[in-house]
Ligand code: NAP
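Single chain ahead, written as structure tokens, the form predicted on its own.
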Amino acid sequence: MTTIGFIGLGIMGAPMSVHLVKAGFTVNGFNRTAAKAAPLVEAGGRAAGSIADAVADADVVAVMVPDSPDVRAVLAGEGGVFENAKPGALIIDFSSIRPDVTKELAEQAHVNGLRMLDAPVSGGEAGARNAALSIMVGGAAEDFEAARPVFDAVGKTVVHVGPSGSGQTVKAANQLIVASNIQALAEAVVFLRAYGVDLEAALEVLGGGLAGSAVLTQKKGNMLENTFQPGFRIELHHKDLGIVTSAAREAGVVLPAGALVAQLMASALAVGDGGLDHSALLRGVERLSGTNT
């Protein structure tokens, strides 16, 4: 039975770790806020007292933390994975971080006798809870195949997209598309409300045509009810759009819509909406239209 050390048991990591236990893996989880390990423990996993404790006997080390500095600290920091994982262990980084940081850490992992895949996910909290995540994986093909049972326990669409860093590049493109769709949906909602249309009925018929999307299906409830309990926080999507715009600039690629939606996401963060779900971009459209309540 494969033993997994799982670092990061937040909104996404906790349900993912639970699915891994249910799939038959031995899971030792660590989170800086110890209480967040409760779902894992309830499912039959173990709460580790430190990163070293979580990964010491692990065949696979899974990481799900917010940003590039967090991944760097978990892997390369004092008391981190590189110092404590056993030789040959496979690191799967489910976090969404900069592709260049991923490549750098993968090289360090190799020097330390470890293997590493970048495997950012899409699908939000709902996808994590339903084991229906889309997972875009960068790294060696043989490591991808070795990790298949882990991916299959937490994801529905799992694709190897290329060498190290490729997963993060594809995730950046994903976040560009998602943010643009949410913004377009938010603008449509404000437009429809201005004309007194039955909004629920309108979104139902739009969802059945070419305008339909996973974003509309998953986020229309938030916009109908004006409730924005985070499935994926604005502050994290702001970080991801920073990755997109920076990488595009480095590649000499022009992303006009991406630049605009990045600014709108930054505005939402600046006015205090960073802790809300990214569907709260609706509030920004309402503010611009003078209809925000």
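In this text, residue numbers run from 1 along the sequence as written. Owing to the predicted nature of the structure, the values given are computational and were not obtained by experimental measurement.
Missing here is the form predicted together with the ligand; even so, the following discussion is about that form.
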**Q.** is_contact(N28, the ligand) in the model of the complex, heavy atom dist at most 4.5 Å
**A.** no
Q: Check whether K239 has any heavy atom within 4.5 Å of a heavy atom of the ligand in the model of the complex, and answer yes or no.
A: yes
(Q) Quick check on M12: any heavy atom within 4.5 Å of the ligand in the model of the complex? (A) yes
Q) So, in the model of the complex, is S95 in contact with the ligand at a 4.5 angstroms heavy atom limit? A) yes
Q) Of the listed stretches (66-74, 264-272, 221-229, 250-258), which one has a non-hydrogen atom within 4.5 Å of the ligand in the model of the complex? A) 66-74
Q: Pull the contact list for 19-45: residues with a heavy atom within 4.5 Å of the ligand in the model of the complex, in sequence order.
A: N31, R32, T33, K36
